[in-house]
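Quick heads-up: it's one chain on its own, the form predicted on its own, in structure tokens.
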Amino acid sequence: MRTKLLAIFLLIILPLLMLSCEENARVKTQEYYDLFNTVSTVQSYLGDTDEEFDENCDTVYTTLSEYHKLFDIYYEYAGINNLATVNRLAGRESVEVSPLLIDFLLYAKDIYSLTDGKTNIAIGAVTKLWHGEREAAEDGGEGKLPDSKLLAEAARHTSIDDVIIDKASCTVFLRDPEMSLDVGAIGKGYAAEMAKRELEQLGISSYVLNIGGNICAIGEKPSGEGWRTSVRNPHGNGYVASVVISNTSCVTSGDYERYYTVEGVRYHHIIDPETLYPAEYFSSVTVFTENSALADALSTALFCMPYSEGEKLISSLDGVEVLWITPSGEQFMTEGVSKLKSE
């Protein structure tokens, strides 16, 4: 597999940057709290003016806000048809949507094929049951498992082939009235990628976007250096790796962020489409690659498959590096990550 130098902050933690006083004076930061139910951060190392930075932040926010509304499965918005609309009308009628949403859904179908169904936006009927129990337990609290019969029934309504997309007419139809789309495994990464591309088209570099842990680094620091960051230990305090990365995207899927407990056993939010239960192969999977949408999708898929299958998938792709951490603390990594850790 081709090794490439990576460049950004790792997702699992807030960026830990070792900055000089001069760098601190130049760095500008803007945060948003109303997108994708998380914190979104824009950072500039470019030394641009306040006015230029504000304009670039507006570009990022406008793009992210549009996708936030399109991908929302809980609320509908005046003047647009989004995924909540598509889900509500499942089995009843086609829904005319934005071309942006059509492009995303076509990409999601491609990702389904690439990952052999491990990243499946049509799994909403199953994830809805887990989400309901986790919400009832108030994230991290004590709760109960979804009914196994209900899970088995929900699994019958997760076929990606029942998502009918007509690109010419910009319509989506869910052929199965019991199915539901859930793009949590790929939506933030895709939106971050689109925002990154908007800045790149403006000729912007030396920016870092952190969309709820989905990291996109645009270029490198003006000095030519990358950003040094650390990968969080999923089993406790501290970090398991420190790397320097630039001009790429990074996403981690982990079992320690969103979860609840049942009789002392912790159940996280990443559902294996084969078992219909939280995947048990890893505690965290971190993916580095240029495309944030791909990084997001792969981190979920790799989390839900044995290492041997994941390594085979990654070896077939160019420009993708991965760090796997098992529940016992064992680490597996591609050559590119290994070299970065040793620096």
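Start at 1 with the first residue shown and count on from there. Small disclaimer: the values here were computed from a predicted structure and weren't measured.
Only in words, not in the display: the form predicted in complex with a small molecule, which the text now covers.
None of 217-225, 91-99, 250-258, 141-149 except one has non-hydrogen atoms within 4.5 angstroms of the small molecule in the predicted complex; the exception is 250-258. This chain is displayed alone, yet in the predicted complex one of Ile270, Leu105, Val86, Ala125 has a heavy atom within 4.5 Å of the small molecule; that residue is Ile270. A single residue from the set Gln43, Thr300, Thr289, Ser283 has any heavy atom within 4.5 angstroms of the small molecule in the predicted complex; that residue is Thr300.
Under a 4.5 angstroms non-hydrogen atom cutoff, the small molecule in the predicted complex lacks Glu193 among its neighbouring residues. Contact check for Lys118: a heavy atom falls within 4.5 Å of the small molecule in the predicted complex.
Shown alone here, Val243 lies farther than 4.5 Å from the small molecule in the predicted complex, counting heavy atoms only.
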